[in-house]
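Only one chain comes next, encoded as structure tokens, the form predicted alone.
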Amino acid sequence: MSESGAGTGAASHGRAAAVLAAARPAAPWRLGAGFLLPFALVVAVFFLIPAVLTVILSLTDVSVATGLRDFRWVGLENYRRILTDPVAGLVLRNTLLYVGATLTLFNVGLALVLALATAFLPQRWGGFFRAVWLLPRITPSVVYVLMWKYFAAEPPYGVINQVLAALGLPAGGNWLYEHPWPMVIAINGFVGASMGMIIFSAAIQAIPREQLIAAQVDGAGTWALVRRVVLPQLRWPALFVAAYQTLSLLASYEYILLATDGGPGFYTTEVWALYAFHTALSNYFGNAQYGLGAALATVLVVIGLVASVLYLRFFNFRQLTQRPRIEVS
């Protein structure tokens, strides 16, 4: 064979190898990394970088008085101020009450009740009631809180007092001033319940009907069906709803800001996120303390991380993620 023929054969072989290499599927990790890269960039830009900047800012005394030129690095001084601040203890108790009551009574409790109630209705009626319960979530926050203020107003304007009077019960004054915590919890709870209701409803509908029918054939009543068949299969949705809604309640303050602004009085319904907002951006003294507000926000992030770890342990996350012992085809 001539040298030119050998060279042509080698070139053809090289081109064929290149074509095969190009047609060969990419490694699985590369494919996964390609899909995750856009989302990783979004998380980094809008979550990780702001979190790092918040921690850095919490180590300074930046405020309106110092500006961006005269501030000093104070280390952990802002955290020491939080530990010695008597208001911080009251705000922390308010936050635990707010998150615990709203989560238990509405975001998980009422959401689960609504999901169970609508799951056993005809699909048409169940979808209608779920759509109605979504109205508080899709209503603008300002309009939603103004409606509640109208409901809670003093006689003869407040709807709540009008209903009580029609039932022959004694009517009170303005419910937002006389009973602020039940009103704040209800205002936030009716919004949060809608999300849990949708997630629990989808999980219930995903349960194979054969399991429900088999339980009924074995003589299980409605309560036994719910307790023995439905609820054990809602651990994953319950973990997600509890963890997500806890973090959401810890970080949200707009409804409290619009309804009571932390009042009535001083810090009656002030929660940690609202306290950080008032400290950093809107306080009575006019000197917005960005460094101290960032320290308050950092503490809130730590509280959220601790709560997430506790949820993972409570719901036994490792057991939930184990491979099933029996493969069902």
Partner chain sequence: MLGSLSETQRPARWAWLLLVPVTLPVLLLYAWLLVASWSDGMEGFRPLGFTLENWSFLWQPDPFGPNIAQLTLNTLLFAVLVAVGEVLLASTAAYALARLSVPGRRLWLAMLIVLHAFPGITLLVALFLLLRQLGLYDTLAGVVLAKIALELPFHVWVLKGFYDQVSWDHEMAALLDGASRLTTWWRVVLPIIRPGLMASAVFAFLSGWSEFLLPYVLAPGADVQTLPVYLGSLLSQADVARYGTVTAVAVFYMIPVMLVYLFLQRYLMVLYTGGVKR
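Positions refer to the first chain, counted from 1. Just so we're on the same page, rigid core means the largest C-alpha set that superposes within 1.5 Å between forms. A quick note: this is a predicted structure, and the numbers were derived from the prediction, not measured.
What comes next is about the form predicted together with its partner chain, which does not appear here.
*Asks:* Is residue 201 close enough to its partner chain in the predicted bound form to count, meaning some heavy atom within 4.5 Å?
*Replies:* Residue 201: yes, in contact with its partner chain in the predicted bound form.
*Asks:* Does residue 194 reach its partner chain in the predicted bound form, with heavy atoms at most 4.5 Å apart?
*Replies:* Yes, contact at 4.5 Å.
*Asks:* With the partner left out here, check for me: in the predicted bound form, does some heavy atom of residue 127 sit within 4.5 Å of its partner chain?
*Replies:* Residue 127: contacts its partner chain in the predicted bound form.
*Asks:* Verify the contact flag for residue 98: yes if a non-hydrogen atom of it lies within 4.5 Å of a non-hydrogen atom of its partner chain in the predicted bound form, no if not.
*Replies:* Outside the cut-off, so no.
*Asks:* Here the chain is shown alone; which of 185, 92, 108, 247 has a heavy atom within 4.5 Å of its partner chain in the predicted bound form?
*Replies:* Among 185, 92, 108, 247, a heavy atom within 4.5 Å of its partner chain in the predicted bound form occurs only for 247.
*Asks:* With the partner left out here, which residues of 148-163 have a non-hydrogen atom within 4.5 Å of its partner chain in the predicted bound form?
*Replies:* Going through 148-163 in order - heavy atoms within 4.5 Å of its partner chain in the predicted bound form - the hits are 148, 150, 151, 156, 157, 158, 159, 162.
*Asks:* Is residue 261 one of the residues whose C-alpha moves 2 Å or more between this form and the one not shown after the core fit?
*Replies:* No, shifts by less than 2 Å.
*Asks:* For a quick test of reading the superposition: does residue 71 move by 2 Å or more at the CA between this form and the one not shown, rigid core aligned?
*Replies:* For residue 71, whose C-alpha is compared between this form and the one not shown after core superposition, the shift is 2 Å or more.
*Asks:* Superposing on the rigid core, is the CA of residue 274 displaced by 2 Å or more between this form and the one not shown?
*Replies:* Comparing the forms between this form and the one not shown, which are aligned on their rigid core, residue 274 does not shift its C-alpha by 2 Å or more.
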